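Take a look at this single chain, the form predicted on its own, given in structure tokens.
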Amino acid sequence: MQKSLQQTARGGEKRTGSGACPHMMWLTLLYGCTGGAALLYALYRWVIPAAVQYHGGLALIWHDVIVERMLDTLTQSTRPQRLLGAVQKNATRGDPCSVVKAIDHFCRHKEWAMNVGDEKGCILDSVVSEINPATVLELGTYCGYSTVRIASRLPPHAKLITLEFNPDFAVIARQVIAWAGVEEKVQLVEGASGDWIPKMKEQFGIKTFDLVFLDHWKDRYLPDTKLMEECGLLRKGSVLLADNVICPGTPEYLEYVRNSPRYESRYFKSHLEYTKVEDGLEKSVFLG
């Protein structure tokens, strides 16, 4: 009898111990998942962004491919839509400076985007103020960041035509431009640069452009420059300002404007937007 009671007690101990095992396993799994999630977040938020800060190719792949696609899937929205949301939430309507600051803050602290950026944006500002142009052509609107910067520094009655190939980007850009209160100075046109450049004089009554800001497809910089020359859209003293001439890079365009007797060209060293990767703007004055 005593032996039977002892066996029963030991059996109870075993059953109690076996009941505790799943509980401990779940706790271990929970701690493991929490730690793994924290590690992944640290990699995503700090470690990888810091690691790609100094490498142009890696920075573009990480920010412009991996992170963008991941956030598009998770949020069921696009990067331009999220950027617009940041503007509407944080910028004062009718204040171009606050719109620029809201986008810069979004891009530095939330999500990278392919604007000219705050650092190169200051160079763009100084060139616009120096030239004081009456007619400006921007090739590549994206979300309207550089459009707002340019338009806010134009003299009264100046005209800025900005050209965007992607209709989804154009929808967002119109709203950003309107939020900044500069829509009266801006005409946003949708379509390919190669199609629109030959029609500029006829469609918009433009004789020549005082300033052209190139920030669209990099392989279009050179052919579009030559097309503007052929169409007589550049006068003596017209300025071409080209972004991203180092990263991703526009070697054929640089070789042309730096070696052609028709241009006087100068490089403004800077960094790829919101990174430490070298990039810059090329300012080329058309000599006729």
Ligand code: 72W
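It should be emphasised that the depicted structure is a prediction, and the values quoted were computed from it without experimental measurement. Throughout, we count residues from 1 along the sequence that is shown.
Although it is not shown, the form predicted in complex with the ligand is what the next lines describe.
In summary, among the residues Val127, Leu154, Met114, Val182, the only one with a non-hydrogen atom within 4.5 Å of the ligand in the predicted bound form is Met114.
Among residues of the shown chain, Asn166 is one whose heavy atoms approach the ligand to within 4.5 Å in the predicted bound form. Within this chain, Pro133 is remote from the site of the ligand in the predicted bound form, having no heavy atom within 4.5 Å. Of the heavy atoms in Ala59, some are within 4.5 Å of the ligand in the predicted bound form. Within 4.5 Å of any heavy atom of the ligand in the predicted bound form lies no heavy atom of Phe204. Stretch 184 to 192 is the answer when you ask which of 69 to 77, 204 to 212, 184 to 192, 92 to 100 has residues with heavy atoms within 4.5 Å of the ligand in the predicted bound form.
Residues Asp215, His216, Trp217 are the ones in 197 to 217 with at least one heavy atom within 4.5 Å of the ligand in the predicted bound form, listed in sequence order.
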